[in-house]
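In the block that follows, a single chain appears as structure tokens, in the form predicted on its own.
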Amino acid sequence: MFYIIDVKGLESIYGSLKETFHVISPTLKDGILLYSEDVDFNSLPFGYTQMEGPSFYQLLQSSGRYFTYLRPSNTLKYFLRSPNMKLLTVKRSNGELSFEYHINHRKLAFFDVRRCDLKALQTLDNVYLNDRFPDPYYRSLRENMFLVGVDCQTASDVCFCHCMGVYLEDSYGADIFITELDGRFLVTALSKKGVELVEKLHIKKASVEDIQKAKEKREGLLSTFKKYLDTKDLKENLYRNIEHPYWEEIGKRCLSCTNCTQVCPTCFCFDIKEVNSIELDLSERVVSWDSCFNQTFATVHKFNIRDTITSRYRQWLMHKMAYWQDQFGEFGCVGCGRCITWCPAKIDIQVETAKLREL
């Protein structure tokens, strides 16, 4: 179902979502673009764009278009599995224990999600919603979600999603998808929820010419990518070089700061802590973000099986590019480039992966 709207129509969609959902969308905060909750429509970063490179980020104001910026620096996982999330509270009163599970049923709508983040969300679904052990905390938010995807206008210097199985013709579970044309927007309703929302607003149907223009826009995006990673036989080549001395060269540069895992849309390492009151009548079970780069992450029975930065970086890259394929049949990297931008040591996962496979 294809529709055509102007900026007022875009605002109507946004306002309609806010009537039912907690809307999360990009906004400008502290000089960077971030997904934030309950942002006013006029606070969306229309007309901005960002320049990104290894350890480099700059926002610029452009003109004439709206969705000129790229994906925000934080990711959807922040709202589905927050850095510190309470799972369970246990209380003791009069010699009896009571248990309260903190499963969140809030209805979330993500407005303006780019394909790399939509693909990353499906990658997380494979982790948290697997058939054997589905996560009820993740599932409660995921099943009530509304997703509004938006086509990118261009790629940045760190983007390589087109190499990592992110296809421009795939909607990756979005309920509606928006493509900016010249002064107008093509809206594609892709789910029952999406059709219901759009038709409630009495929006005009798109013409064949509008649909063709949107297709040409997407095809033109491919020519703006500057990074490329050959993924043919990548897993096999990485396994072949898993003991190569070049890993030591990367380890000498890596600071093990965990920046890459914090901004990665698919990293999901966590720790669970029991936080007890001094009176011992209250205990809270909290899940918090962890990282395979943390020094104690791989400690088992007081022995650390990855006690060097080299071994920790190798674990991270191999997990993204090889182990994940063994487990889920796809890459654990969606090519969003955030880890490249926010690495203070200017280590580029695309560059290092390409070098390692060719050694």
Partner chain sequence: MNVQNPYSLVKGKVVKVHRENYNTVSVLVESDIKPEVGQYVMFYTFGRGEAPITVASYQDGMSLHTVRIVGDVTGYFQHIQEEGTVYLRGPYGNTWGFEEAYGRDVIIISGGLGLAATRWLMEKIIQNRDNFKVVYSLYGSKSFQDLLYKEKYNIWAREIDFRVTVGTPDPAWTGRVGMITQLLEDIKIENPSIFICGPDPMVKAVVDILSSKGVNKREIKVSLERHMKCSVGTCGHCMFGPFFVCKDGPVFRYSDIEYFYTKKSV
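Numbering follows the first chain given and starts at 1. On a predicted model such as this, the values are computed, not experimentally measured, just so you know.
Here the subject shifts to the form predicted in complex with the partner chain, a form of this protein not shown in this document.
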### Task
Can you work out whether the partner chain is within 4.5 angstroms of a heavy atom in all three of L87, P134 and F268 in the model of the complex?
yes
### Query
So which of K200, R139, K193, K107 gets a non-hydrogen atom within 4.5 Å of the partner chain in the model of the complex?
R139
### Query
Exactly one of E243, E209, D182, D233 has a non-hydrogen atom within 4.5 Å of the partner chain in the model of the complex; which residue is it?
E243
### Query
Can L222 be called a contact residue for the partner chain in the model of the complex at 4.5 Å between heavy atoms?
no
### Task
Give a yes/no on whether Q50 approaches the partner chain to within 4.5 Å in the model of the complex, heavy atoms considered.
no
### Message
I272 versus the partner chain, in the model of the complex: is there a non-hydrogen atom within 4.5 Å?
### Response
yes
### Query
Though only this chain appears here, would N276 touch the partner chain in the model of the complex if you measure heavy atom gaps against 4.5 Å?
yes
## Note on the structure
Assert contact_stretch over 171-179, 157-165, 212-220, 97-105 against the partner chain in the model of the complex, heavy atom within 4.5 Å, equals 97-105
